[in-house]
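Two forms of a single protein chain come next, each set out by itself as structure tokens; they are called structure 1 and structure 2.
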Structure 1
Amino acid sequence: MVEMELAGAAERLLASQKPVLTVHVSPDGDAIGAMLGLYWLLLEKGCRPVMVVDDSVPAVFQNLLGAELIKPVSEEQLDADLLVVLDASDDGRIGRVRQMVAPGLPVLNIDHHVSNTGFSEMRWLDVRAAATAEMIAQLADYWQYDYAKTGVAEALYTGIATDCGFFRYANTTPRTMRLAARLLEAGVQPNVVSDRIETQPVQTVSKLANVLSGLEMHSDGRVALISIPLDQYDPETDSDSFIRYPRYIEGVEVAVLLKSVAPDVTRVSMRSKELDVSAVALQYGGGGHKRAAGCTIPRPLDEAKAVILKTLSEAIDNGL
């Protein structure tokens, strides 16, 4: 694997004419914001990028410029000369996107997760970055991009702000704040972005109330768990934000959100105060940050719950 810094990644991207851009399944604001930002940057540089995601784009990000251009996975075979994987720490996190490109197509991974497995031929990894969108903002500065041309600034701000909890989380750095300030200077309105993301339809709030009513406490109150069973799962509902509520319960070290997305598939999201949940997620083929990570367990909800609770209990007891 070839390790790259900013300049090397910029050079390799410009050597491509037909790159396919993709992100992890269950895409969040950072994944979508970073991908859209890079799409517009490459288009400006004369490339012909295509965006593909093996999942639906959450409704709260569909107003970002270019979101309607993101393709779902299909039987179509794309004519591409590079696969760019953004904000994903391992190959399994991108789902079936590889089926749409030629076998052996070079892969460039742009990521900031400490749990990155080094699955690609080329990698630009910056674990100091609060978000992958922060890295794309650096790329925009490197290329002296004029933010006024398109909606790049809003996409990148969305990615940065959401991945550091609107600048509340420990991954927020002085560089993060400086880049965000430059995006505001380019015309981003932070209240518009936050209102768009935080405003929820009444159906979502009702679902949140139902999910919170099933709150479970484990490991002597150190683990708080909420779950969405299959008959209540709706891919169009932005339920990822639900985990913030058990996260702030007094005495809780780890908050867990389980989503049954198929009879034998459960998605797991974890947030912690100190525990390295990326190490826990890595055991199940997932990854993320020390205090925010996720994975997909190929088991029904109840079985997935049992195994993740056992792993978390052991990790907490061992002080990992």
Structure 2
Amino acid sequence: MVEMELAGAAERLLASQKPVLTVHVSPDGDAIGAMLGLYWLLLEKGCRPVMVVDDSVPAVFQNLLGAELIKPVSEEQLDADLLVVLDASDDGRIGRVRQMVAPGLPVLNIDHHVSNTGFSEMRWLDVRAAATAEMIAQLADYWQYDYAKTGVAEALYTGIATDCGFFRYANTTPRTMRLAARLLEAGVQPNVVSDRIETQPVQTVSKLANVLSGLEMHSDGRVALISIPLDQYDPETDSDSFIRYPRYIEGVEVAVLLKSVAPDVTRVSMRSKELDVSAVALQYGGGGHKRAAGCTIPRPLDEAKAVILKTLSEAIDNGL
């Protein structure tokens, strides 16, 4: 695998005429924001990029500039000369997009996950970047991109802000803030971005009340867990933010959100203060960052819960 920095990745991108851009399934603000930002940068450079995601674009990101151009997965074979995989740390994370391009197509992975598996021929990995969108904002600076379209800056700002908890998490650096400041100078209104993301339908808040009423404390109060059983799981309700509540309970080291997405499939999200939860997620085929990680366990909710609580309690006892 060829490891690249900003300049090498920039050069490789420009050598491509028809890149396909893609991101991980269940795309978040960073995945969508980074992909849209790169799309507009490359278009301005004379490339003809195409965006594909094996999932729907969450409603809160649908009004970002160009979101309607993101293609869903289909039988179509795309005529491409490069596959750019953004914000995804392993091969499986892009779902069926691989099947839409030629098997031997070169892959450039642009990512910031510490759990990155090195699955691509070329990789620009920056684990110090708070977001993949922060890397794309650096690329914009490198190319002296003029943010004439505020929408491009807004997509990148959305990616950066969502992945660093609006500049509160440990991954926020001076560089994160400097790049975000450039985006504000380009016309982004931070309150508009955050209101759009934080505003929820009343049903979601009712669901949250319900989920929080099932809060469980484990490992002497160091693990707080909430879960959404199968009969309450609704893919249309955005429950990703629910984990912030157990996370901020006094004494809690790790917060866990379990979602029963099918009878034998449980999605696990973890947030920690110090414990390396990406190492825990990796044990179950997932990944992520030191303090925010996830995995999918092919077991019913109760079994997945027992397994993850045991692993976490051991990890806490071992001081990992």
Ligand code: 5GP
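Definition used throughout: the rigid core is the maximal C-alpha set that superposes within 1.5 Å between two forms. Structure 1's sequence is the ruler for residue numbers, which start at 1. Just so it is clear, the model here is predicted, and its values are computed rather than measured.
message: Quick check on the two chains I just loaded: which one is the form predicted in complex with the named molecule, 1 or 2?
response: Comparing the pair, one sees that structure 2 is the form predicted in complex with the named molecule and the remaining one is not.
- prompt: Is it the same rigid part for residue 57 and residue 180 between the two structures?
  reply: In the two-part motion between the two structures, residue 57 and residue 180 are assigned to the same rigid part.
task: Mind giving me the turn angle of the little rigid part against the big one between the two structures, whole degrees please?
output: Smaller part versus larger part, rotation angle: 9 degrees.
- request: Any chance you could measure the C-alpha shift of residue 303 between the two structures with the core superposed, in Å?
  value: Rounded to one decimal, the shift is 3.5 Å.
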